[in-house]
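The form predicted on its own is given below as one chain in structure tokens.
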Amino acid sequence: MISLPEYPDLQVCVLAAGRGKRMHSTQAKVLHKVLGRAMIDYLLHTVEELRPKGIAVVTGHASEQVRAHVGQPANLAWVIQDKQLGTGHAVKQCEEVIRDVRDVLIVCGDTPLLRSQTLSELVDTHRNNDAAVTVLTAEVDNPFGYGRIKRDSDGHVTGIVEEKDASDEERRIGEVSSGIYCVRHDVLFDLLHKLGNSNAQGEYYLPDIVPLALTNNHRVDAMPMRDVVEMIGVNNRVQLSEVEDLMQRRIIHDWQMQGVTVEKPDTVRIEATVNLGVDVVIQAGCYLIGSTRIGDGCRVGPNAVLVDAWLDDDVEVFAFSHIHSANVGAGAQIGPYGRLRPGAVLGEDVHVGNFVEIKNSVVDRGSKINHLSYIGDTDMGSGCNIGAGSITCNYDGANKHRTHIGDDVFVGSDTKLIAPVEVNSGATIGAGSIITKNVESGGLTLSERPDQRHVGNWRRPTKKKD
């Protein structure tokens, strides 16, 4: 990770007031998610890495949604743009909250691919050149939709013209504005107060501060960015998908560089909020969602889905398993086709096999549930073996009840444990039993409902030694 300088004399203005009509949504545009994280979260994290004096966020449409989502960090000020009168008007609303700084960095809330390193280079270039206004630009093959950078014969910036106001000749210009600016505080609001709105939209455009600055003999610079994808903004669902693809490539690349093997990168989804250890292997078709955390040495098989899951070290998840809000101890094995639902907590070296579902249950160290079983609302000890087709019947049609299973319990195939019930340590339950009463430790318990009997002097078979 590159170490960035701090900018205690810099204020950041985040423009997040746009309605985003083309998103066709009741949700604020900047709250739409890219790989599990809202666009505004990416931007705020990026600018916070600069350690600025403060951050002003301009909101308008659905401002309550945005504020509720972000909360109230100590160095963040909220600014309302009541009327959507353009980007210049939006920045102007920050005049009362931006004080006593050298420069103001203006960024857009719908550009989640923007990197803090790029912003740091912009601020440094701006200051090294002693410019009044510096715009972050890019050379693109298709400049449609972007403001074009106009230069004179000597290469000096003379203005920025928006797509809707550009002539045919101006639209052929390949250098475009990213909409990101660094402006000296002592000139910014003077320029904003001089803005006019004589344009096709009748709005106050932030780019119009460029010709105003030049008219007032201020220096205007433009810094081309290294990676043009950083400036991509999101205005519709198609662009949202495109940005998500680019972000996914970046995230996978970063994890690969940190010791994670992703076997088929184009087939997996790893959200921005996921955390992976070293020597983790992610196979084709996996979805890692939300706050999922995977420890060192784990292997996640094809088409597994992990949502808010926690895997300790050396866990193996086989193909087509689904783990949701569950914790899995070190060395455990899940699947194939295993399902762990919310509240499932598995200890070390637990084995959960094919078509086994576990919900709101604790399964202690070394226990095995290998085939076609349902374990719900259960506390299971260590060293247990649950036979194929066994079920803890936890729901009576109105209420949930718990099953308690001690250590070293053997449950034969096709057994039903009807909660509330307790199976004491060391017990063995014969195949096909329906258990409605507590089971004593040791011996063998059988049932042919409604009768249930206990064979006290029965001894469990032992494996023959080779």
Ligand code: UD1
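Just count from 1 along the sequence shown to find any residue number. Just so it is clear, the model here is predicted, and its values are computed rather than measured.
Same protein, other form: the form predicted in complex with the ligand, not shown, and the subject of what follows.
With the partner left out here, the ligand still marks one of 351-359, 144-152, 315-323, 383-391 in the model of the complex; by a 4.5 Å heavy atom cut-off that stretch is 144-152. The single contact residue among V133, C108, L114, L276, judged by any heavy atom lying within 4.5 Å of the ligand in the model of the complex, is C108.
A heavy atom within 4.5 Å of the ligand in the model of the complex is found for exactly one of Q333, S373, T378, S177: S177. The shortest heavy atom separation between E162 and the ligand in the model of the complex is within 4.5 Å.
The shortest heavy atom separation between Q84 and the ligand in the model of the complex is within 4.5 Å. The shortest heavy atom separation between Y205 and the ligand in the model of the complex is within 4.5 Å.
With a 4.5 Å cutoff on heavy atoms, H24 does not count as touching the ligand in the model of the complex; it lies far away. Contacts to the ligand in the model of the complex (heavy atom within 4.5 Å) from stretch 15-45: L15, A16, A17, G18, R22, K29.
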